[in-house]
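Read the single chain below, which is given as structure tokens and is the form predicted alone.
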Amino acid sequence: MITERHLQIFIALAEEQHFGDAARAVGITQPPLSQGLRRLEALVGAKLFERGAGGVALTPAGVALLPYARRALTSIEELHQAAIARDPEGPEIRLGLAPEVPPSAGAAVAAACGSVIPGSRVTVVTAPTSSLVNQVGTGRLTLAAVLHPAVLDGLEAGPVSLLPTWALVPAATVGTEVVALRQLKGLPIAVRPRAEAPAARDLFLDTLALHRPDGGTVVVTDERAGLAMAAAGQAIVVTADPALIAPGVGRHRLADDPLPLRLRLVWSRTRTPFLRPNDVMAQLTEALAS
């Protein structure tokens, strides 16, 4: 069956005439773009492009099919818009939040969804970044606030918001309100599993190693577990949540903010046309950053 993604790949390659440029236009890497093209050519039973040293060019069959592909993709987008416009209950916005998103930031984005999209119904789930990206891509979620960087597999993405972080350390460990990472010695930094957000976690660990080459890390299931370990004198937590605190745990700003929480909103360019207007996404992004 010819899918929406097949049409996007065909049209992008016809317009860009280059595999790398077309992959960037669709928002995927080159291997899945090539695979998608081969599948489309098998489905239509014709070769659509001729490969050359400088790029690709449409075959006669490709030239003949291109206007049909454009109309089909436009019809799919109009179908999405018509379904939303005629829903008597208004559009349902299924919002996903990475566990690292502070509750106040998540609440602000959810509230903004309800206010900038009239009549919308907002539901919220929490899941790791890797899961959220997949759910947005398959249409199970409308948009999500995820860690940056992440492989987005063709999704649209808003600007990166940087949220300041604090170090939560066992009480009396540090005597100043602001502390440098190099001063935090003797205890590991609590981190969540890498599989939840591989690219973002690697960036965090690389930055940590640069500023604090000794001390190591310890894997925890969530920030509450990390906070408990800090209270027990066993770990240090880096968090953007201004409300995360416990008896026996000191809260300190990190000098020069070397480990900000990097967040961005992601959504599908075709599955959620009501999110496209610039003013809508600008307000949602502002809510995330606030």
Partner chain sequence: MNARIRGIFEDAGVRGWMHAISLDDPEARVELDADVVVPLASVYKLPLLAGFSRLVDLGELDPREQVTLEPSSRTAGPTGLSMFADPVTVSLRDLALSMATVSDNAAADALLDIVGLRRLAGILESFGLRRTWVRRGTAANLRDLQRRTGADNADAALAVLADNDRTDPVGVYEAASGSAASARDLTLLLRRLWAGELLSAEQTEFVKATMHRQIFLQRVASGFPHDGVRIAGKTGTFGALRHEAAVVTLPDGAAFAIAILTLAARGDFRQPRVEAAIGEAARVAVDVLR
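Everything quoted here is computed from the prediction, not taken from an experiment. In this text, rigid core is short for the largest set of C-alphas that superpose within 1.5 Å between two forms. Numbering follows the first chain given and starts at 1.
Keep in mind that the form predicted together with the partner chain is missing from the display, and what follows is about it.
Colleague: Is there a heavy atom of R212 no more than 4.5 Å from a heavy atom of the partner chain in the model of the complex?
Modeller: Judged by the heavy-atom cut-off of 4.5 Å, R212 is well away from the partner chain in the model of the complex.
Colleague: May I ask you to check whether P102 falls inside a 4.5 Å heavy atom distance of the partner chain in the model of the complex?
Modeller: Residue-level check for P102: no, no contact with the partner chain.
Colleague: So in the model of the complex, is the partner chain close enough to E177 to count as touching (4.5 Å, heavy atoms)?
Modeller: Residue-level check for E177: no, no contact with the partner chain.
Colleague: Should R94 be counted as a contact of the partner chain in the model of the complex, where contact means heavy atoms within 4.5 Å?
Modeller: Answer no; every heavy atom of R94 is more than 4.5 Å from the partner chain in the model of the complex.
Colleague: Would you kindly say which of L79, A72, A171, V160 lies with a heavy atom within 4.5 Å of the partner chain in the model of the complex?
Modeller: Going through each option in turn, the one that passes is V160.
Colleague: To verify the annotation, which of these, R140, R182, R121, R194, has a non-hydrogen atom within 4.5 Å of the partner chain in the model of the complex?
Modeller: Comparing distances to the partner chain in the model of the complex, the residue within 4.5 Å is R194.
Colleague: Among 38 to 46, 260 to 268, 63 to 71, 246 to 254, which stretch sits within 4.5 Å of the partner chain in the model of the complex, heavy atoms only?
Modeller: Going by heavy atoms within 4.5 Å, the stretch is 260 to 268.
Colleague: With the partner left out here, which residues of 148 to 172 have a non-hydrogen atom within 4.5 Å of the partner chain in the model of the complex?
Modeller: The stretch touches the partner through H148, P149, A150, V151, D153, G158, P159, V160, L162.
Colleague: Is L33 among the residues whose Cα moves by 2 Å or more between this form and the one not shown after superposition of the rigid core?
Modeller: After core superposition, the displacement of the L33 C-alpha between this form and the one not shown reaches the 2 Å mark, so yes.
Colleague: Taking the shown form as the reference, report whether the CA atoms of A199 and L33 lie closer or farther apart in the model of the complex; the distance changes by 3 angstroms or more.
Modeller: Farther, not closer.
Colleague: Indicate closer or farther: the Cα atoms of A199 and F19, in the model of the complex, relative to the displayed form, with a change of 3 Å or more.
Modeller: Farther is correct, given that in the model of the complex the C-alpha spacing of A199 to F19 is increased by at least 3 Å.
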